[in-house]
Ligand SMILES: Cc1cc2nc3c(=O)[nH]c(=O)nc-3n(C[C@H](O)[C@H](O)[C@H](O)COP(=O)(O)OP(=O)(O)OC[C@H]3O[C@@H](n4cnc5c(N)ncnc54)[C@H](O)[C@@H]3O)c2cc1C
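First comes one chain, alone, set out as structure tokens in the form predicted alone.
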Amino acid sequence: MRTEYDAAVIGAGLLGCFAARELVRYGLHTVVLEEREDICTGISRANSAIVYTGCDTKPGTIKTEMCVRANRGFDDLCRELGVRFSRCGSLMICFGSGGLEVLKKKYDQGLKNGVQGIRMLGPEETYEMEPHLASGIMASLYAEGTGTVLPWELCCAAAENAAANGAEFRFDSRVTGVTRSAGEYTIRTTSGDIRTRSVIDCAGLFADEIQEMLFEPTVRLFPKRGDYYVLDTKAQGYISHVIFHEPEDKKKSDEFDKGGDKGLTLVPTVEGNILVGPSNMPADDKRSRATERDGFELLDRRISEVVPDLPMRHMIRSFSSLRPNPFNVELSGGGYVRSGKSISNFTIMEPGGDPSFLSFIGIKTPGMTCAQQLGRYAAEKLAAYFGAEEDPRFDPVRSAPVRMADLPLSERDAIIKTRPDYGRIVCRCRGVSEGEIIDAIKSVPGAVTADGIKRRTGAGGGRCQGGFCTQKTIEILARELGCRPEDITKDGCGSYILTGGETDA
């Protein structure tokens, strides 16, 4: 492996993978450093999966500019990368005068931002579009451009395309230090040191800590937790649009944004599930993925108000996400304390005074929507800094992986004749074959855990949540990776599935 690069991207989430893809577009030798064993294991792994239009962002900000542009180009981006995308549209609903004022504000804001296809609807039109909503709706804001995508599918596609164009990925490479000398950075990691002419800090919840390895604190992250329910595909069709609920009794956040009720969101996913959430709770641990009762009590209360007949009997999973929450900090009493309110705009910093060190601190909603635009921003900055031009050899196309469940029987038969492993179904719920799992392992970067397989193929994400397919998935992983089944983890970091692990004889 090389030890000297033009650019080092820290973090292999959506932003890091898209940054790498855009950097290699300019022929820059790029490495992605990731402390975990795979891509998409941090913030990117769990969010609302919504592609926003730009109605929710303040006019004149870089966040708004990127969001509106990204939304308009999302169909093309997904076609380019072989990613499934549903432009299902959204309805923001309200039940009272307070919510109506918010909807009108967002409508006016959307018009100022250049969002197309938005209009205010009365109760009758709203119920025609979504008949299962609770009675008493006063109005709704319809945005036809809202869409949904699978975040991990998008992340994997960006990473594979970046790798195919020359980007290197180094996993199990936690950054332990950064120094600069003679215009060059040395990054110390648990897998060895590298030297690079530039650094792009995409470390998610730890982006502030990476920046502070070299610079004084200016912005720090205080995470929020979001709890979610996932409903089985048996509930498919209960809603057909993304539903945003603007509550009348919305709790206002205090100056440090410790709480706050943002209402209910329901998302019809591209795989046919319904995603319900998130809550909006403070979190003390940047690494915790635990769900909490308070979050689900809030969701249950909101469900009863907004969609009282939502078929919760089809709930197959609950999970939590962590989201960055940036604040400016100042030195006080011998330490740094946060000041003012949470920063709502994207926080993109050049702490070194030039674009050779770019920090993306606190990229929150609509971060997934804007990941490609943010990556392009970083690449254009560095290309201008280095005087680099677009490489004509760059290929932006990544072919979609084989998805047997989506193919007509005639095409399945033809593929199975060439690759019999495509005919051996491992995941019954999603119809995922052994061949698809092998492809996911052999992709670059490839899956090395059961959840890595789930994120790439859907195996284990269906109705039984891996009850039937986990054993076979472990066997395939162990065989293809050349290790023992006991060594396979669910999601890295010692999460062994079988009794045993590396300490067994």
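Remember, predicted model here, so these are calculated numbers, not experimental data. So that there is no doubt, residue numbering starts at 1 and follows the sequence shown.
Beyond what is shown, the protein has a form predicted in complex with the ligand; the following relates to that form.
Using a 4.5 Å heavy atom cut-off, state whether Arg424 contacts the ligand in the model of the complex. Because no heavy atom of Arg424 falls inside 4.5 Å of the ligand in the model of the complex, the answer is no.
Look up in the model of the complex whether Ser48 has a non-hydrogen atom within 4.5 angstroms of the ligand, and give yes or no. Yes - in the model of the complex, heavy atoms of Ser48 and the ligand come within 4.5 Å of each other.
So, Glu35 and the ligand: in the model of the complex, are they within 4.5 Å at any heavy atom pair? Glu35 belongs to the contact set for the ligand.
Is it the case that Arg174, even though its partner is missing from this view, gets within 4.5 Å of the ligand in the model of the complex, heavy atoms only? Although the ligand is absent here, Arg174 would touch it in the model of the complex, with heavy atoms inside 4.5 Å.
Taking the ligand in the model of the complex as the reference, which of Ile194, Met92, Ile210, Val199 has a non-hydrogen atom within 4.5 Å? So the residue touching the ligand in the model of the complex, by this definition, is Ile210.
Could you check which residue among Arg430, Arg323, His245, Lys106 gets a heavy atom within 4.5 Å of the ligand in the model of the complex? Exactly one residue meets the criterion: Arg323.
Taking the ligand in the model of the complex, would Gly11, Ala203 and Ile363 all count as contacting it (heavy atom within 4.5 Å)? Each of the three qualifies.
When the ligand is placed as it is in the model of the complex, which of 82 to 90, 96 to 104, 363 to 371, 326 to 334 ends up with heavy atoms within 4.5 Å of it? Checking each option against the 4.5 Å cut-off leaves 363 to 371.
Scan 15 to 44 and note down the residues that get a heavy atom within 4.5 Å of the ligand in the model of the complex; none is a fine answer too. Contacting residues: Leu15, Gly16, Leu33, Glu34, Glu35, Arg36, Thr41, Gly42, Ile43, Ser44.
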